[in-house]
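Encoded as structure tokens, the following chain is the form predicted on its own, with no partner shown.
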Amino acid sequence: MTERVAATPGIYPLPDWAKGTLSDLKGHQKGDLLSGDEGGEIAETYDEVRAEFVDDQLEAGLDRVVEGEGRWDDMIAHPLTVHESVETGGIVRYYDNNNFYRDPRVVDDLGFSGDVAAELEAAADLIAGTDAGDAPLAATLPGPYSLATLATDEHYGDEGAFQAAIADFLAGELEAFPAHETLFLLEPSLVTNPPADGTEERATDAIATVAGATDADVVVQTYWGALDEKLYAHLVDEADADALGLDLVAGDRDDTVYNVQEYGATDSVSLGLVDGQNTLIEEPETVAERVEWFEGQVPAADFETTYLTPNTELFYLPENKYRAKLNALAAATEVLE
């Protein structure tokens, strides 16, 4: 019987109170964004944000709890923009939306950072101190392909070597993580800027390098539409992922279903079911219907786990809408019981 798990990849919107506080503490310019060595009142503010994110998820009843990534000023580029071997360049549009990040310019070897591991340790401590102390923790990292495409290489000198170095860096970070049940590897670039023909295996090798660094279930979360057929097949066969994340909101979901029907699937699947960029709140029954619709389209598949997730990160939303989306996902699993 398929287990249905309500979860998110994190990167939540800052609460309104924290936006004002952090703006006063950090300033308003590009150079004032987080560098990774913050302390004092700034660190204390992020601690409060993290605690609020954990409470939001526990109150909603999600089956996996993420740290929330309130410190990630640069969205999924964050692990590089705070790295000591990286200089930040100009402001770059974050995919096809009105958000921007600092261009991470890698200028030296990518050694161990520990920045994300410290965030997760703090989240694990928060969870342990609640009545839901055994709630499973989920970790979030950018996928190596997407992180490499978002960054600028000024050190490794070769696209393949750079992608492999990013993968090794992420794997090293992952080995320092506290115990976690699930890892979400966010790979939006696989849809928006896919590997050139003939280089798909290089991308899947990089993902497999990261996936191999954890004993947790690994979800390679793709979004903003359907994957190219050939790339989809490579991901299923070579990425060493327990679940491939499929966006059922953006793009033509029939193309996504066709890929599964034609090329098979991972043992588990993660479905993007609520719109991470639209304030319209989906009813739990609607979310449940989308799950049943998908599973009904691929009757030969018998998934170990179906993850119910938003189709993107949730930082695009107002905080009240983001909480409503958490509630809808958690309630949908109850509808499906």
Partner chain sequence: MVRNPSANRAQFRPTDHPNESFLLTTVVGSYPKPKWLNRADELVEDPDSKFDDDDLEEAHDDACRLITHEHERAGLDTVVDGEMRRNEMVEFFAERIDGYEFNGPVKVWGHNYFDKPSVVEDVAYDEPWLVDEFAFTTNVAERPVKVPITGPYTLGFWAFNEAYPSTEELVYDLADLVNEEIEKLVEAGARYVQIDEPALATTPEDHAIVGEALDRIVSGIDEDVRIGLHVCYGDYSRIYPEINDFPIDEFDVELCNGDYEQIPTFQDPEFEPDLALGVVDAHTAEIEPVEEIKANIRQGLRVVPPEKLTISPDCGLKLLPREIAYGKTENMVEAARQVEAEIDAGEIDLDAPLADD
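What you are looking at is a predicted structure, and each value in this text was computed from that prediction instead of being measured. Numbering follows the first chain given and starts at 1.
In what follows, reference is made to the form predicted together with its partner chain, a form of this protein that is not presented.
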### Query
Quick one: is Thr279 in contact with its partner chain in the predicted complex, heavy atoms, 4.5 Å cut-off?
yes
### Message
Residue-level contact is defined here as any heavy atom of the residue lying within 4.5 Å of its partner chain in the predicted complex; does Arg93 satisfy this criterion?
### Response
yes
### 4.5 Å heavy atom contact, Asn99 and its partner chain in the predicted complex
yes
### Message
Against its partner chain in the predicted complex, would Met75 count as a contact residue? Criterion: heavy atoms within 4.5 Å.
### Response
yes
## Note on the structure
Assert contact_stretch over 266-274, 308-316, 59-67, 282-290 against its partner chain in the predicted complex, heavy atom within 4.5 Å, equals 308-316
### Query
Do all of Ala171, Leu174 and His180 end up near its partner chain in the predicted complex, with near meaning a heavy atom within 4.5 Å?
no
### Query
Can you name the residues of 5-20 that have a non-hydrogen atom within 4.5 angstroms of its partner chain in the predicted complex?
Leu14, Asp16, Lys19
